[in-house]
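Before any questions on how it binds or moves, here is one chain, the form predicted alone, in structure tokens.
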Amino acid sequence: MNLTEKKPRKILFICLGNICRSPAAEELFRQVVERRGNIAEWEIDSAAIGSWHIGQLPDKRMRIHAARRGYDLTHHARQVSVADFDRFDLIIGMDSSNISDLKELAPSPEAEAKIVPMARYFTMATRYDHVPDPYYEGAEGFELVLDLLESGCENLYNCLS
């Protein structure tokens, strides 16, 4: 998808509960844009497949690990909706289950074409074809997610700029 000429570019990150991976991706990508581009040319958000955590801040463990790297995760969880397919240019799922759920929700083939896996932008740790859910993991799981997303968000920005 060519978004280099479109302004603002609208990106939505999706994970299961919108409390670990997608709010981290949202903030990491926002910081890449602030560091390398013009934030006014972007709309960046995140959402959940499920409704369990609506209104909640990201998982405390993810906030702690992110803060150690200088990221402040303040997004409040929300659930993805059909309207998001009209609002956003690119909808990025963290794993194959998220991608599958998004494709079921997509109201048209054009909307479905907006869905891409975050792993498309990985250049490091290529043994991963998804962003693993750290929710039931220890510290290593949260650190791995942040490593993958830092690399992936830089590459995503390069692809869209």
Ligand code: 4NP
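Only a predicted model underlies this, so the values are computations on that prediction, with no experimental measurement involved. Quick note: we count residues from 1 along the sequence shown, nothing fancier.
Keep in mind the form predicted in complex with this ligand is missing from the figure; the text below concerns it.
Of the candidate stretches 114-122, 28-36, 63-71, 45-53, only 45-53 has residues with heavy atoms within 4.5 Å of this ligand in the predicted bound form. Although the partner is absent here, C20 lies within 4.5 Å of this ligand in the predicted bound form, judged by heavy atoms. In the predicted bound form, this ligand sits within 4.5 Å of a heavy atom of L16. Although the partner is absent here, Y135 sits close enough that one of its heavy atoms falls within 4.5 Å of this ligand in the predicted bound form.
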